[in-house]
Every structure is written in C-alpha cells, then in structure tokens.
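Below you'll find only one chain, the form predicted on its own, shown as structure tokens.
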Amino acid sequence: MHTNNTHELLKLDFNENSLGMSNAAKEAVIKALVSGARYPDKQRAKLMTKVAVMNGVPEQQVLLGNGSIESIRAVMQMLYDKALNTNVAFQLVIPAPTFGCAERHARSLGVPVVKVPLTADSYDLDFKNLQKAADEFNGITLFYLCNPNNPTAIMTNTKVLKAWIKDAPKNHYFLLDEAYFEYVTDPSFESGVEWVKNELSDNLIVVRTFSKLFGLAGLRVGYAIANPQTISEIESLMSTDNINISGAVAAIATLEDEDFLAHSLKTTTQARQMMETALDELGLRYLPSQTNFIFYEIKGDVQTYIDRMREHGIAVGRKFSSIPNYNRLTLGTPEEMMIVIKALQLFRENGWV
C-alpha cells in the first residue's frame, strides 16, 4: 500500500496498474533470465500464437510491437511512404484532446496534423467535423482514434463509429487505439477487432497494449490487428526482435493468469465507484469512465490543483489545454483512492476545488 509521505509519491498520473505485475509474470521473467543471452524467437512465437487465438484471427493478421506505440509509428510511416510513392499528400486527423503519440510521429515526418475538438456537451468524437477535415483534403487521411479515449475516459458511440468506418472512401484510413478496451462495461461496445474479422474495411488497423490491465507498462508489449496485406506492409517498418524475452514470457504468464486479470478489473471498478461517490458528494462533474482513470472537473486553476496535490504526495494527470477545467486521475487501489478522497475533501474545506 502506498502512503503519501514525503518519501513516496503516489503515482496516479500515467494510467499505470497500481497492482503491479502478477506474481506469475514475475516468476516467468526470473525463470527466463537464464535465456537472456539468446534471441527471443521461441517466446515471441508463442506469444504471437496466444494473441492470435485470443482474438480469433490467423497469425498473419497479428503484429507484435514494443508497446502499441511502435505499431502506431509504423502505421504512420507506412502511409507516409504510400503517399510519397503515389505522389499524393498525407495528413493525420485527430480528436482533441487525445493520446499524443500519433501526433508526435506525424510531426517528426513533417505530416500536417488537424485537431478536431471533441463535442462541447458530451466530449465525444465530433464525426461531422472529423469527416469535414478529410473531405477538404486532397490525398490520404489517417484518423487516429483512441476508444475509449484518453484523457476523457469515455467510449464513443459504437453504431456511429462503425457506420462511419464502413462508408469511408479508399483514401481514408482508421487507426483504432484500444489500450483500455478490457475495462469497458458498456454492453453496446464493439471492438474494432471484430470489424477487422468481418472485413468491414481494408483500411482499419487496431492496436492494443499489455500495459494497462496486464500491468506490464515497463516491459513494453503490444500488438496490432488488421488484414494480412496491411499487417505485411506495417511489419516491414517494424524493428526485428522487438519483443524481448522478459516482455514475452510476462505477457504469456499474465494471459494465463485469469485470477489476476479478474482481480485487476475488480480493483479498478471498486476504485472508480469510490471516486464517483466522492465526486458526487463534492458536486464535481466527471465523465462516464470506461477505463482505469477518471476525468473530472476542478473548480479553480487546474495547474494550481496539480501542484497542490503533489505537495500532498499525490501525482495526478497533466493539464489539457483543450479542456482546461478538468483533471485526469488514474484509478489505483482502493487504499490509494482513500488517500486521494481525503485530499480532495481537505481541498474543499480550504476552498480549493
């Protein structure tokens, strides 16, 4: 259990899993260290098979990556090269705010980035203006869509998203980042993986990670799923031996540890309920979270709130300029949430939130 003394900062700022790795994963890593001088081919192949079976796709439709971020970078590079080779322009269109990795890769290539604000009322994707940004551009457009979104924690409307992707022209591509899909409780949710399997679009790529529910953020394991041709094109831009032995065996062990995964999910659900109750009592609005974090209103200056929280031993999420009066908080253990709730109540007594 974390304490909020001066020696140990309670880290609830990067959506990591406060439970840490499962014991099975730790044991697997220690056991695998004896093979650390060997290349990870065998372990990588085993993980590839497991990921393919878990998602009900052939291995030709799976790409393992150094976290999901490596796949995101390779997709960007693949479409950049495609545009270059066919002598057409290429742009990235993203909602704002969202996870910033795709934007960073685009800017490193000199690719223009169009940011479309989320809807003012519900902070959901603004499909009309996302589409408008692509329609007004002559060339290839890649939409990067984190669903559920980071930092808002909300899931976008499944029916609208599915129809939009299905009806898109050939020069529009969709990169769906499902880093938090395991936390979704909304029964209307459909994963993009199902849409890949049903051949909804040839231009759809789904990326996922073992960083969140699985608690392996530091070991950097993720994967992408798309049609075989697209996977082949992306794979040519990925690094060789990109999954290390420790990451591979830890991911395999955690996939097989159903008790840990259930406990991980239950812990987050409990933490979410605790935070929602506390925020309700304080009269602070929060968005309906389908992730392991919550996006909630702060009455007062958000940067001042962040600084004060740190002074009280708690690291919370950074400021998002496009939604300046909200803060993001990782849902840790129930014990950690009690520390946060007490701090929030103290802040209210002092008139800070």
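The first residue of the sequence shown is number 1, and the count goes up from there. The model shown is predicted, which means the values in this text are computed figures rather than measured ones.
We do not show the form predicted together with a small molecule, though everything after this point is about it.
- Contact with the small molecule in the model of the complex holds for all three of 99, 146 and 209, each having a heavy atom within 4.5 Å.
- Contact check for residue 250: no non-hydrogen atom falls within 4.5 Å of the small molecule in the model of the complex.
- Of the heavy atoms in residue 90, none are within 4.5 Å of the small molecule in the model of the complex.
- In the model of the complex, residue 220 approaches the small molecule with a heavy atom inside 4.5 Å.
- Heavy atoms of residue 69 reach within 4.5 Å of the small molecule in the model of the complex, making it an interface residue.
- Of the candidate stretches 228 to 236, 211 to 219, 78 to 86, 241 to 249, only 211 to 219 has residues whose heavy atoms lie within 4.5 Å of the small molecule in the model of the complex.
- Checking 171, 131, 150, 201 for any heavy atom within 4.5 Å of the small molecule in the model of the complex turns up a single hit: 150.
- Checking 179, 271, 142, 125 against the small molecule in the model of the complex, a heavy atom within 4.5 Å turns up for just one residue: 179.
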